[in-house]
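First comes one chain, alone, set out as structure tokens in the form predicted on its own.
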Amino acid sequence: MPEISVRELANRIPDGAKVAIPPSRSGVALAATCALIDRKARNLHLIAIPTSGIQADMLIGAGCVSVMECAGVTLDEHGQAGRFVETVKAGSITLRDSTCPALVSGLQAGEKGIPFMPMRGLIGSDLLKHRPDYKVIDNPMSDDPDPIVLLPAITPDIALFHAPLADRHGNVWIGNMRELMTMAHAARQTFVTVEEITDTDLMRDELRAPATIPALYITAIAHARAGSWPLGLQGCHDPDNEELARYAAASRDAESFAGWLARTQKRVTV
């Protein structure tokens, strides 16, 4: 699989796309996020699997997002995601609230190619009042009343994430970040930035093959060392907590956010 630039990878994500993104603890493609912002992406429908942080907040603050589907957007120990909070309060994006199990279950339905996934945990919650696409039916396998929720399959247009390693064949090693495997299986296309590209065939490596996404599921790969900065990547680099704290402070108002973003765009080469 030919390597492309981060900028070209971002240019392949069309406006209006449903884009699945991982939680901050997993491989977050922040270099690609900066490239999306730089090209002024618009009307993205972000689907957090199942939560997001700085990535979603940056895209929302830059005006790239029209729909945010998630179980939460926070900056973890650094506090609230300021752009997300302000935008939701203003009603300028659509928030499709969900839960972690519901989002993962919907993605698993998309992975399996089935139209829905049944789930019990939402019965009795207010969430069902706000998600008309979540359907409550009687369990057809039971002779007694037994309500169950049907969650529609989540089939993203794009799965976007950052990984430690890929090979020249297009296989991508993700370590223990298993949600990335499900994302790639469910999405129509998968775009990945990676720390390193090796000549070794990862599918022939007995230790790495079980945690490797085959090239069959990968659409494009771009080399981006420290491509998740200022977030960390397990086994590669630690998070830059000082920069994350600076972002948390800057995200509280639009002017400070714009200044932080301008400085960051200059630093991140795409």
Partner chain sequence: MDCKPQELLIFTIARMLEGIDHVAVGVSSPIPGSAALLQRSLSEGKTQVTVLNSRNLQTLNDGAGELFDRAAQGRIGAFFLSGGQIDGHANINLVGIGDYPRHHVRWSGSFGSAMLYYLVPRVILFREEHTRRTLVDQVDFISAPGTSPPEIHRPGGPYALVTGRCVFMFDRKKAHFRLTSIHPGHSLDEVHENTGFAFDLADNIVETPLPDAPTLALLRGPIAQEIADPYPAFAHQVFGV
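Everything quoted here is computed from the prediction, not taken from an experiment. Residue numbers count along the first chain shown, from 1.
Unshown form predicted in complex with the partner chain; subsequent notes refer to it.
The partner chain is not drawn, but in the model of the complex it has no heavy atom within 4.5 Å of S66. The partner chain in the model of the complex is not approached by I154, whose heavy atoms all lie more than 4.5 angstroms from it. Contact check for E242: no non-hydrogen atom falls within 4.5 Å of the partner chain in the model of the complex. The closest non-hydrogen atom of V88 lies within 4.5 Å of the partner chain in the model of the complex. Of the stretches 37-45, 222-230, 56-64, 209-217, only 209-217 has residues with a heavy atom within 4.5 Å of the partner chain in the model of the complex. Using a 4.5 Å cut-off on any heavy atom, the residues of 106-131 that reach the partner chain in the model of the complex are, in sequence order, G110, E111, K112, G113, M119, R120, G121, L122, I123, G124, S125, D126, L127, H130.
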